[in-house]
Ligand code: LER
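This document opens with one chain alone, in structure tokens, the form predicted alone.
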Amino acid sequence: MLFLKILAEYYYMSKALSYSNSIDIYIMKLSIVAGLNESKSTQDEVLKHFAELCEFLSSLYYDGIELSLLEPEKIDIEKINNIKDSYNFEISAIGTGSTYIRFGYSLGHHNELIREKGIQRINKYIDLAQKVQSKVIIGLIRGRFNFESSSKKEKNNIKSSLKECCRLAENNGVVLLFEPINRFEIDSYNTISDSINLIEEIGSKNLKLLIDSFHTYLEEDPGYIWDYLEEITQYVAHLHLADCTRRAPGTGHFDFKTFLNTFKKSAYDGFASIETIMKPSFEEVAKESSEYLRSIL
């Protein structure tokens, strides 16, 4: 067992050296989504968990971590920064979906008070993002259409709320990442083209596009999407990676090589972040994803 461990470490070290010594090889920054359970844990527990994540992921040559948080105001920002900096890590993005899932706050809700609460929560995420030099994701927090409203009204509510979120983001120098999500999970802006139209309508330099391979697989025309991606890479500031089964990349039949090469050609300098069902375990998904993606980039 010791021999196998040493052999594995040598293998990864050799790969890392080959990456760093080959200036012609394009290296996309890699991160993975993880939570810190900040709502139910003590500060010491949160910090210990974050440090353990950074140590584990750095051993697999990840460049950062994407945090999925419910209450960002409970994060000890100074200590989180110290930990991530000690591993030369970045917080690639901050997920906000749990705000809708757990609290029910959304940017498109027919109730103005609930929309305001959603914007207030986004402001807390923006405050954290500004201090840890990260981005904030606008995904599930858009909400779902309510029978008391209409799709037209709720889309207008999303636009209005998003404009206010963009104003807050601009004031803090933070980028918001708008994510097209498939129709089975959300009712608005399911496709990349619809999302780009919204981004152009909002007209904020702090509003960028997040493209998720899983949602792309479900919503986009497979005969058209590859050419279309080449046309719109300038809008994209973050990627989510999951195979067509929503498991680790390489476990299904999504064409990650073509997908990622599209961004490679455009000199994309953002993160590709693993966002999957974490089975059989977070550790196995992180390891398998890193090995597979590094082999095709």
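Note that residue numbering begins at 1 and tracks the sequence as displayed. Since the structure is predicted, the reported quantities are computational estimates derived from the model, not experimental observations.
Same protein, other form: the form predicted together with L-Erythrulose (LER), not shown, and the subject of what follows.
In the predicted complex, at least one heavy atom of I181 sits within 4.5 Å of L-Erythrulose (LER). At least one heavy atom of R246 is located within 4.5 Å of L-Erythrulose (LER) in the predicted complex. Within 4.5 Å of any heavy atom of L-Erythrulose (LER) in the predicted complex lies no heavy atom of D85. Although the partner is absent here, D187 lies well away from L-Erythrulose (LER) in the predicted complex, with no heavy atom inside 4.5 Å.
Interface residue among H109, H215, R121, K135 relative to L-Erythrulose (LER) in the predicted complex, by the heavy atom within 4.5 Å criterion: H215. For the options I94, L198, L140, I75, the one in contact with L-Erythrulose (LER) in the predicted complex, meaning a heavy atom within 4.5 Å, is L140. Only one segment in the set 35-43, 264-272, 238-246, 50-58 has residues whose heavy atoms sit within 4.5 Å of L-Erythrulose (LER) in the predicted complex; it is 238-246.
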